[in-house]
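One chain comes next, on its own, written as structure tokens: the form predicted alone.
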Amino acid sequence: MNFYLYLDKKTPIHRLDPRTKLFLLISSFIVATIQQHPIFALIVAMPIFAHGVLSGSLRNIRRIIGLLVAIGILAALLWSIQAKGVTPLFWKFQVEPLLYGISTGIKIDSMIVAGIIFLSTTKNEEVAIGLVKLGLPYSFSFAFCTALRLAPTIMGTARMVAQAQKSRGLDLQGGGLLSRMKKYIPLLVPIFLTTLRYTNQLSMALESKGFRAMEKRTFLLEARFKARDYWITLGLLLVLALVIFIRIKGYGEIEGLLL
């Protein structure tokens, strides 16, 4: 199983400058976050989903569809209990908190999908170049990209350790939910040690290759803004300005909601 999310395709999104894709990601987060009513949150989610279709990232999105549904349901339930409203629905539930919970679930799912699209269309090396081009130190960019790479590495290690233990007779599927969870606890030790060994080897490799020995670095890949990047960035700025203006005017608020 491939735990890395990047999909090597030739879509228009893949060909964008990494800084444009970073701005697309940040804009998606901002636009999704400031919405309150579920209808407005759904309107924002639709172009994000269309972005996923255009970028050919549906395969990765399908891998987490269960998680997205669970987050949506959990958010709706939690906010229905935590927040207060003025319109009774049934039992202790009220209309306004339920609407806000649904909206929160849609917003979180939209941001997760936007992140999946970004990782599906951008190589780690491109992310580092984009961050450096934006003026961030290379050390920070490298650490950030290493963290992105480390997550699938740990998942791959966990799967390898689980398969090794299964080959030795460990039954990870038998019993109830609590019993299965207990069986996974002993696997944490070899996973943790393997991760420590990997990070130690990485640090030695960086030292042996003179990491940070030179002030100015060169890159194999190049990031260069083209006409399409300027037009998309301008369009995103206009969309952000419009959405923020609409939100300031009070459109999309849930009347009677008490947070």
Partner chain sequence: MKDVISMWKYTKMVVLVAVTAAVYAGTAIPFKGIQIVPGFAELRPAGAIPVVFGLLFGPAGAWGSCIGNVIADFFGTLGIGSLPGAVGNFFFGFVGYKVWGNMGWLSSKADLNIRTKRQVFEYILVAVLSSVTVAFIIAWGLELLKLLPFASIGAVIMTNNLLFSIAIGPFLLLLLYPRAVKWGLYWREIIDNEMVSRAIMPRVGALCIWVGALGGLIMGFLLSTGLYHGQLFHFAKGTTGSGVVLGVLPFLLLFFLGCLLS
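Computed from a predicted model, the values in this text were never measured in an experiment. Rigid core here is just the name for the largest C-alpha set that superposes within 1.5 Å across the two forms. Positions refer to the first chain, counted from 1.
FYI, the form predicted in complex with its partner chain isn't displayed, but the following is about it.
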Taking heavy atoms only, is F29 within 4.5 angstroms of its partner chain in the predicted complex?
yes
Is L89 close to its partner chain in the predicted complex, meaning a heavy atom pair under 4.5 Å apart or at it?
no
In the predicted complex, F142 touching its partner chain (heavy atom, 4.5 Å):
yes
Considering non-hydrogen atoms and a 4.5 Å limit, does its partner chain approach A50 in the predicted complex?
no
Is any part of 99-117 within 4.5 angstroms of its partner chain in the predicted complex by a non-hydrogen atom, and which residues would that be?
Y100, I108, M111, I112, G115
Threshold 2 Å Cα movement between this form and the one not shown at T157, rigid core reference:
yes
Cα of K123 displaced 2 Å or more between this form and the one not shown, core superposed?
no
Quick check on I73: with the core superposed, does its CA move 2 angstroms or more between this form and the one not shown?
no
